[in-house]
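Here you get one chain, nothing else, as structure tokens; it is the form predicted alone.
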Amino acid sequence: MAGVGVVGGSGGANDLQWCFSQVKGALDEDVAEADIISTVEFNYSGDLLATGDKGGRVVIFQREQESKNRPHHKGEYNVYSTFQSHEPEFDYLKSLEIEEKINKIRWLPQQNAAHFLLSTNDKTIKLWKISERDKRAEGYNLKEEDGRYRNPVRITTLRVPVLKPMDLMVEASPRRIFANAHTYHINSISVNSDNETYLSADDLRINLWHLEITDRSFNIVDIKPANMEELTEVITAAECHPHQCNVFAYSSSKGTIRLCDMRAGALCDKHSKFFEEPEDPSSRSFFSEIISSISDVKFSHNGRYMMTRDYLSVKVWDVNMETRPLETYQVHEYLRSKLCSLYENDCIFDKFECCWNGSDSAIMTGSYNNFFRMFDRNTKRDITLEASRESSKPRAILKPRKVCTGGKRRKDEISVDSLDFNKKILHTAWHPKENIIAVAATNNLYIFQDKVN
């Protein structure tokens, strides 16, 4: 395999090998519900990594600069800022609790020294500013250094306040709050390429917002039927095109993707393109509709492809070809025989996300038993790796894992029946420029990098 390949194996010298870098989070067996990570996102440079959790908190990690003492050691990610983004609320009209869980975080491209990100729970989106302060003003005319006001009679000279260095402080402040626009639970937010607008999607509607305007948004998709008994599908994810600010895509619980163009009309209920793979009648079962529901849709960085994740597979679509996917990768096909028990324990409704690497040549998505999968689009090779404390020695190389589907189990294989379905990797992120990945495993955040790093 060529050296640019990102899915390593145990073969030739050019194989890329992933190794452990860091793990964040408590070791306890008893995990508090509030500590479970619900979203992971690198910023555009990859120097910041944000996580949101079920307790409504956002934790931002910053990559340390390379030190002269360890020139070959790439910087580690350390906590930069932690803040409470959302609090639990109560909707008195509907007698519903609105939980504080962070559903999505999206960074805005950096324009100045400060960083901005959008975070959302089920109902409310917030724009946060994260800024640094390492100087403070001293020598006020009307105030003493301890903050007490001076007697104006005693002020005989004017002083020019000076800036003195102080310990670095990172402040997170909410700059905008976008509320009361969604009747149903928000599942996606996506910043547009014009850097002025963004869209938010719930089960039945998609709204377009301006980042400066909080009191109104434009409804651009509404699939709510006049009679709710006729409801056959819901919106599961939505994303803006990375380069064309008029184009966005959204996926549905029926396994379809619609590409819409805002130039065609103010309301984009009529799609421009409709992507659907014809179902094989021979493989139809009671679970077909559930497992075909798309849980995530992502445009490639170059905007030419879309990737979708359903329960058992990841598909890559060419935006110019609607009839069938360009590539299909089986994530955990061995679970097809277990769908009945996965339905009974509700795991069949888990929403796995997927992500591209920086050059769109590889994709990553999660599975059960703290396994995550990588697929190299060039070599068609794939690998299963595990996020585990057992292999968390510094620079420890991750060994590929294999699942035994039947017959005699080999020594290094794990049986399908012994997979832990409570350990699931739903959220992953890939550094935009390097082979560094972040993997959320319940309340722990694992960071892995290639051996070269």
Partner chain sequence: MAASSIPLGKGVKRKRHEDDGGQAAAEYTPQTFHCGTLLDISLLKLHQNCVLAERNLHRSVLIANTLRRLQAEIRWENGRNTMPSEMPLQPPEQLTSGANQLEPLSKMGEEITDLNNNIAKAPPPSLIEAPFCLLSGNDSSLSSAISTILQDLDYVEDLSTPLGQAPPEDDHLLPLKPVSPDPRPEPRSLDSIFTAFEIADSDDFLIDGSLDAIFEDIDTSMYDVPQAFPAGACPTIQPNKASRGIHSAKPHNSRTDFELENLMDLLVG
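Positions refer to the first chain, counted from 1. None of the values given here were measured: they were computed from a predicted structure.
Keep in mind the form predicted together with the partner chain is missing from the figure; the text below concerns it.
Using a 4.5 angstroms threshold between heavy atoms, D167 stays clear of the partner chain in the predicted complex. Mapping the unseen interface onto this chain, P109 falls outside it, with no heavy atom inside 4.5 Å of the partner chain in the predicted complex. Not displayed here, the partner chain is approached by L96 to within 4.5 Å at the level of heavy atoms in the predicted complex.
Although the partner is absent here, E344 is a contact residue: one of its heavy atoms lies within 4.5 angstroms of the partner chain in the predicted complex. Think of it this way: in the predicted complex, the partner chain has a heavy atom of just one of E233, D382, E76, E322 within 4.5 Å, and the residue is E233. Residue-level contacts in the predicted complex: of D203, D318, D261, E327, one residue has a heavy atom within 4.5 Å of the partner chain, and it is D203. Residues within 4.5 angstroms of the partner chain in the predicted complex, judged by any non-hydrogen atom, belong to 253 to 261 and to none of the other stretches in 355 to 363, 253 to 261, 76 to 84, 133 to 141. In the predicted complex, the partner chain lies within 4.5 angstroms of at least one heavy atom of each of the following residues of 284 to 304: R284, S285, F286, F287, S288, E289, I290, S293, in sequence order.
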